[in-house]
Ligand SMILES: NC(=O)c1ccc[n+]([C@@H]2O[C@H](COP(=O)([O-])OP(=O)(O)OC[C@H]3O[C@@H](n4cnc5c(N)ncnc54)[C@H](O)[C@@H]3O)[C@@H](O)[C@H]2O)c1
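Here we start with a single chain on its own, the form predicted on its own, put down as structure tokens.
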């Protein structure tokens, strides 16, 4: 029998487990269900492993749309197969979140046993969204609506966690008074947002990209279901979410793809800003620990910016130098003058609101640890694949 929590992890039993244990239910009847959409992706797969270790029966929703979005090298099929082999209490359903009837039937089947929904399924790329706006919007917005409505109908008390994005703010960060330093763009130290951008930044009158628009729609839906229907919902507006499970495709997952190109010798293109654009990066493990912290004490319609913060920020030039140092070889790269539409010149998340509400949560990976983790888990396989090609 899987314990309610791992011996080396946080001792936070699921809410209904605690309630039912208090009135004498047996362990066999206590296993709560966690639904994880996009379970083969970076955050989805990390969520599967974490919450299964906490004693949940975890049901994945995964139809490998990443292979359609970014090609066979981005397929999540092997991740789903490995999770099925290695994670007790997990199984995956090949459901498309755009299929309202299938989503509703799945949640109806498990009903009140569902305690947690982690919704990570998405089309995640600026560039791909512009090539097929209808698919982008129906996956990101309509798919989220289907999940919310099914949760409202069959598991309204379940914590609903949505992986939103900082792209909901559009290109407004590009109008900040950035200074050009040797290796990065940065704000003056006395600027209000020097430590990171908070949720007070307006999302209006900006260029969002079509991807940003579909994620704004989903983000607002999650908030309104929390407000209108009293459901425990949260939007985590992520910066760059990363880790060794990232597929490392050209259009998505920049740190992983950057390291992959460095290791294999493949050429890399930086789009715009003289390669001095800045991102904060957060390891998938720290993201999922934030999910768990919120689930232990949820509220309705919560919104947080979630990223690596200033201490885990890096420019493209700085990231290239770090990848080269770790891999022991130079990256073949060029800098294009064309920036992506709606892309940010600078983004660092203000983590203070979440840390204030959940002081037990802290980052455990800095940028160096993130890059070493990506390298150590993937370098051998990447090298083998490039040799075969």
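Source: prediction; values computed, not measured. Residue numbers count along the first chain shown, from 1.
Below, we turn to the form predicted in complex with the named molecule, even though it does not appear here.
With the partner omitted here, the stretch from 307-315, 173-181, 126-134, 158-166 that lies within 4.5 Å of the named molecule by heavy atoms in the predicted bound form is 158-166. Although the partner is absent here, residue 246 sits close enough that one of its heavy atoms falls within 4.5 Å of the named molecule in the predicted bound form. Residue 232 falls outside the set of residues with a heavy atom inside 4.5 Å of the named molecule in the predicted bound form. For residue 215, a non-hydrogen atom is located within 4.5 Å of the named molecule in the predicted bound form, even though that partner is not displayed. In the predicted bound form, the named molecule sits within 4.5 Å of a heavy atom belonging to residue 96. With the partner omitted here, the residue from 226, 239, 298, 196 that has a non-hydrogen atom within 4.5 angstroms of the named molecule in the predicted bound form is 239. Interface residue among 346, 354, 50, 69 relative to the named molecule in the predicted bound form, by the heavy atom within 4.5 Å criterion: 69. Contacts between stretch 50-75 and the named molecule, counted in the predicted bound form as any heavy atom lying within 4.5 Å, involve 61, 62, 63, 64, 65, 66, 69, listed in sequence order.
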